[in-house]
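Shown here is one chain on its own, the form predicted on its own, set out as structure tokens.
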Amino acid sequence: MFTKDRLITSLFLLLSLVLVGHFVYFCIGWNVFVSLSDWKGLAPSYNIVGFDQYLRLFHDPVFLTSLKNNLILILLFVPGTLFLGLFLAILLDLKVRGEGVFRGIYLLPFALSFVVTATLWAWMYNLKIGVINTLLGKTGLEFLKSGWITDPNIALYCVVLALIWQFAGYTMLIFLAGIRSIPESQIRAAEVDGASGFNLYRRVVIPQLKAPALSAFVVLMVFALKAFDFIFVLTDGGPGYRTYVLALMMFRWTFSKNEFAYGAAIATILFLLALVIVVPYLYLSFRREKE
């Protein structure tokens, strides 16, 4: 029956559908449409040129370098963050004294803005006044001093290290919640069977953390694909194009060079890469719920 409560519920639902439809699906479609045009410059141009922008992408050395950097970022950042987060979660699960304090310390980097933490790391990596080189100098390890983010050979790895530091607390929280959700009876039964210490976690605890690990994996993968503000503040893509990633390239070509069609093509590639990650996760989640 038609009631006032149902009318209000339907209106709220309709509003949500309209907003999501416009700001998500319509904007995605509009971006794809622009990528098929020749829009270059501030004046819009909607002359359809097909896949010319996409063909140009795969002949552009900057795009190929950015794509390679994104892949390196994924291969180093995601496993490194998962491993460190799991390690910290296990340490906290050992019932250390002052667990709440340590948990807050580990979570603090993730609670900060990417702009703030990138500025902090830029200062730490500074060649002359950075805390890293200062400590190396005071401990007699001056031969290890480096320009860090200005060194083309290690700049990208310095970015990865800083990102792992920022996200380790997030993965720690995910894994710790998963560990604490394991029934105490299973832990006690494993201890009775002789499992203890590392073997207890390796044989009983870690195998049951597949769902938290998958959730954290997807979040980290998507972030690694769309990483922009942290790298923009820390290195601005430099030196040269050594720390350029797809999101940063899209921003530069779209809003600095006014190549809107080309930037839209890069955004579409990013969207497709994100789908490759998210769709299998949604499928696995749906199948798990159905089972």
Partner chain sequence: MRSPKPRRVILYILLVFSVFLFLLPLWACITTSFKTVKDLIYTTPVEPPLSPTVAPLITAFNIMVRPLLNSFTFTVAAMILSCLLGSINGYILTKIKFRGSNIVFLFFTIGIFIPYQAVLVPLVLTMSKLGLYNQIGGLILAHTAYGIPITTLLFRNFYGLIPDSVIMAAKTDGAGTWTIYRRIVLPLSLLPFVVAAVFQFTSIWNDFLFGVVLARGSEVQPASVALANLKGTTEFQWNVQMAGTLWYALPVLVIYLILAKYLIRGYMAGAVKG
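Positions refer to the first chain, counted from 1. Keep in mind the model is a prediction, meaning the values are calculated, not measured. Each form is matched to the other, and the largest set of C-alpha atoms that superpose within 1.5 Å is called the rigid core.
The form predicted in complex with its partner chain is left out here; the points below concern that form.
Proximity of 158, 221 and 257 to its partner chain in the predicted complex is absent: no residue of the three has a non-hydrogen atom within 4.5 angstroms. Taking the partner from the other structure, its partner chain in the predicted complex has a heavy atom within 4.5 Å of a heavy atom of residue 123. Although the partner is absent here, residue 105 is a contact residue: one of its heavy atoms lies within 4.5 angstroms of its partner chain in the predicted complex. Among residues of the shown chain, residue 276 is not one whose heavy atoms approach its partner chain to within 4.5 Å in the predicted complex.
A residue is said to contact a partner when one of its heavy atoms sits within 4.5 Å of a partner heavy atom; residue 58 fails this definition for its partner chain in the predicted complex, lying far away.
Note on contacts: among 131, 141, 182, 75, the single residue with a heavy atom within 4.5 Å of its partner chain in the predicted complex is 131. The chain is drawn here without its partner chain; in the predicted complex, the stretch among 203-211, 184-192, 150-158, 111-119 whose residues come within 4.5 Å of it by any heavy atom is 111-119. Contacts with its partner chain in the predicted complex, taken as any heavy atom within 4.5 Å, map within 258-273 to 260, 267, 270, 271. A displacement of 2 angstroms or greater separates the C-alpha positions of residue 12 between the shown form and the other one, with the rigid core held in common. Residue displacement note: residue 271 has its CA displaced by under 2 Å between the shown form and the other one (rigid core superposed).
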